[in-house]
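In structure tokens, the next block holds one chain alone, the form predicted alone.
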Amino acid sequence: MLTPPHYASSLPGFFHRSITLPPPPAPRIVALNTELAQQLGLDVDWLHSAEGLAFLSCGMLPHREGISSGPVATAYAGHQFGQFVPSLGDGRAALIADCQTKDGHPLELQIKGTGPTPFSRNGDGRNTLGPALREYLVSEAMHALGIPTTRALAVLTTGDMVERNDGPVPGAQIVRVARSHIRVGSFQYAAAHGGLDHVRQLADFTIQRLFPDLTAKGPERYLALLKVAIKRQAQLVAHWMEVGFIHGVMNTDNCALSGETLDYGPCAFMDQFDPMKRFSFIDKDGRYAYGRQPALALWNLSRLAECLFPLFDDDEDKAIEKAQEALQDYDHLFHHAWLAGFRRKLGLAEQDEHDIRLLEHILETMHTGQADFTNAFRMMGSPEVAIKNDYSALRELFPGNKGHFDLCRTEILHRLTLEKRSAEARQQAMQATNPRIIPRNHQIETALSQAIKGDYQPFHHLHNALKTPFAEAEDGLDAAPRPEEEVRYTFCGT
């Protein structure tokens, strides 16, 4: 069910710009998430029609009572790699409508690759086929892994070519679905250009839209908004750490208040475990490396608190104190979620005060042993290891330091003596927690390179496999890359 864009109907024009999107010359759907479309009550046949293509590619809807016309580009600011940019906004994206799931939850539809908007600055506002398909693959894989994320509804080719540094490449658009695209940068924009009244307007809208269960009144209402944002970000980043995901561009304009993973540019999943692993070519100093993500999330939340704290109390000192107290909870919330997640990965039902040291030792052993993060945890949950206590095959996944592995194995076996449930139950729990497959960089690049040549079969094959990441299969997609297959850098590519 399609309804008007909430940004256009529920917030002043300060927060967005109405735009008209030029229709692409020859839009064609190359990937459609039929399951998601059906959940949203969208007719799949209609989406393939000329009317449906006009909606997906430029937000055009037939005139119907109660449906507003006109996409909007939203305004926001942001800290990009630590540097504040007071005006960013949707430079190649537009909200085209709200959608309501069959159980009544509102979601937003956004097109990326619209062409120029008022926020494009010197960019062309275009998207290309590789990045669009990458976001489709990775965001849907994250959903299958149970991690809060924006969803991909469709990828369309536009029928023309886009000039990039390496020459012309096929133009494309991705239509994505989110609970909301409100981000920390949205509040920074309101604070920088509109002042406290605009911050309050946006906060009220955010609570109404995302957190209607927040019943606090007055100033406590806005403090509750900060606290729920802190909790959601702590849980989200803990989920990322559990699967070896590296976002790549944790700027404040990519930090969603909904707690969803937003923006899949130079993102990647680790192969060999390395706490300082980074893939983004533009992240020269490793600001957003894997192990720095928890601290950067807190940094982003601190920027949100700077925008909101004047709403907490008329006394500035008291307002700042309340913001600081809320932010101090982040470390506890994150470490609680992180520890719970890694206990699940090891199948530990009981809690022991020494678990954190055990987990840190396991990760250190993976690092020095050059172990593949995903495959090592998956094999720990195999019947041979979890039930028969045969660690010989697992040991081979630690070629860099087998001596450390032997010590770590002894610690694990000692810790398991505290567990009360059966080895079989523990093994089944681990298999349901540690994925067999992730969207590995080299497999994505192979699929995308073939798609650009016109062969979408590898893309669809990989996408279908990633829908069931915990299921056993003999497809070879669980193999770590050979040295010559490793992808060392990822690019935004848009």
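The numbering used is simple: start at 1 and walk along the sequence shown. Every value quoted in this text rests on a predicted model; they were computed, and no experiment measured them.
As for the form predicted in complex with ligand AMP, it is not shown, yet the points below apply to it.
Judged by heavy atoms within 4.5 Å of ligand AMP in the predicted complex, the contact stretch among the candidates 414 to 422, 122 to 130, 205 to 213, 167 to 175 is 122 to 130. For the residues Gly194, Pro219, Gly341, Gly91, the 4.5 Å heavy atom test against ligand AMP in the predicted complex is passed only by Gly91. Taking Phe309, Phe273, Tyr288, Tyr76 one by one, only a single residue has any non-hydrogen atom within 4.5 Å of ligand AMP in the predicted complex, and it is Tyr76.
In the predicted complex, none of the heavy atoms of Glu260 sits within 4.5 Å of a heavy atom of ligand AMP. Under a 4.5 angstroms non-hydrogen atom cutoff, ligand AMP in the predicted complex has Asp253 among its neighbouring residues. In the predicted complex, no heavy atom of Thr368 sits within 4.5 Å of ligand AMP. The closest non-hydrogen atom of Asn375 lies beyond 4.5 Å of ligand AMP in the predicted complex.
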